[in-house]
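Okay, so here's just one chain, in structure tokens, the form predicted alone.
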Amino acid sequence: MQYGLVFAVEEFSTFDGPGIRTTVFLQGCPLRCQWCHNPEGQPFVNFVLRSPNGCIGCGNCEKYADHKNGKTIYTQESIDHCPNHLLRWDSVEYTPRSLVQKLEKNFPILNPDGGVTFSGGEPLAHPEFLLACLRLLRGKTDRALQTSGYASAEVFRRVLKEVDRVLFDIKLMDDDTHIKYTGVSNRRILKNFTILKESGIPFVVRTPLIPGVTDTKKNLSAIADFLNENGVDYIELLAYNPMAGAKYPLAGKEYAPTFDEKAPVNFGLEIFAEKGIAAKVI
């Protein structure tokens, strides 16, 4: 039986597509964006999250952990023996049917104007589980995909046949800069954008505004030119959350961006307006 890892299910979302939606965050992402707001969703395996708040230093979490190659790997026993319940598994394992059964409970609220959005992590990194869920949802509610666009063209085409709309990230137009800040090339992303445009599936382009990285006049102008050339007249700009780094200690990671996270963000609305592109900051 097929399983998928889900690290969050956000109900009553109003930012991940039209209407009121339930957003499902699938575990695992091939990108390593320096500004990632969901670092707990990056690994492709389930792991234990540990909150530092309220720790009394009893040492039980360490005592019952596995210690390999100088690393501490918390276990179920670590969770069970924490007196203040500060440890938990990052994600929950679902079958496609069990996940859809969970989602169906909100259909009376979601329909007819809202729906379900699959996000992550990167949902395209789990095509078989994603497709199984989308097929079970077919005809029951609106199905949206929120994606970085980083996947093979074959996978992307298969998924497009089962979604009703796409929220598609375009972060950086310069490939070298894209590699520097996300760890991957943007070539397959831009190729998949062309596939999306030609598919006829409704879509919205989104750009996260990262100070000194994606919000530069050069980058926003390049995105505006690209959208204009492709006949796109609307974009959503995602404001950088300066609290993004707060999640990293919980996931046992260090937040160490090479950009100045405290710098003011340039929204660049006039850049898109000059190209006849409506821009909304969300």
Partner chain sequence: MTDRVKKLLAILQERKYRARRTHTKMDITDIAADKDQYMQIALLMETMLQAQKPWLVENDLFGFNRSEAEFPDIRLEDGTYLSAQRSKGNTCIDYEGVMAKGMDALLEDVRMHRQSAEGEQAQFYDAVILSIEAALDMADRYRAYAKEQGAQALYEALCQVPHNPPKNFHQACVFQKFLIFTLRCNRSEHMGIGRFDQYMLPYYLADKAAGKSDEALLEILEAYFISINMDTDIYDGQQQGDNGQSLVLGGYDKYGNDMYNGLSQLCMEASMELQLIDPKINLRVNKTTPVERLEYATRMTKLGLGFPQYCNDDVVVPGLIALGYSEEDAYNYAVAACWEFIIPGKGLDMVNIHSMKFPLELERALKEDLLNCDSFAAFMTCVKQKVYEACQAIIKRCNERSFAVSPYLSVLIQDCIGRGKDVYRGGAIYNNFGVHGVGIATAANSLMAVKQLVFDEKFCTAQELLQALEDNFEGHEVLRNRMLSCPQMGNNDDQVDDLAWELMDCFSENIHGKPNNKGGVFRAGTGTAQGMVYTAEKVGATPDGRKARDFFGSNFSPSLHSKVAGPLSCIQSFTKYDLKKAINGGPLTLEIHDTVFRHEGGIQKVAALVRAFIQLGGHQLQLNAVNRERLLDAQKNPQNYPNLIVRVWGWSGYFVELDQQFQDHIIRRTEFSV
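Residue numbers count along the first chain shown, from 1. None of these values were measured; they are calculated from a predicted model.
There is also a form predicted in complex with the partner chain; it is not shown, and the following applies to it.
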{"item": "Listed residue (Thr72, Thr194, Ser152, Asn84) with a non-hydrogen atom within 4.5 angstroms of the partner chain in the predicted complex", "value": "Asn84"}
{"item": "Partner contact for Phe267 in the predicted complex: the partner chain, 4.5 angstroms, heavy atom", "value": "no"}
{"item": "Ala263, heavy atom within 4.5 angstroms of the partner chain in the predicted complex", "value": "no"}
{"item": "Proximity of Asn111 to the partner chain in the predicted complex, heavy atoms at 4.5 Å", "value": "yes"}
{"item": "Heavy atom of Ser199 within 4.5 Å of the partner chain in the predicted complex", "value": "no"}
{"item": "Candidate stretches 101-109, 165-173, 208-216, 122-130 - the one whose heavy atoms come within 4.5 Å of the partner chain in the predicted complex", "value": "101-109"}
{"item": "Residues in 12-37 with any heavy atom within 4.5 Å of the partner chain in the predicted complex", "value": "Phe12, Ser13, Thr14, Phe15, Gly17, Pro18, Gly19, Ile20, Thr22"}
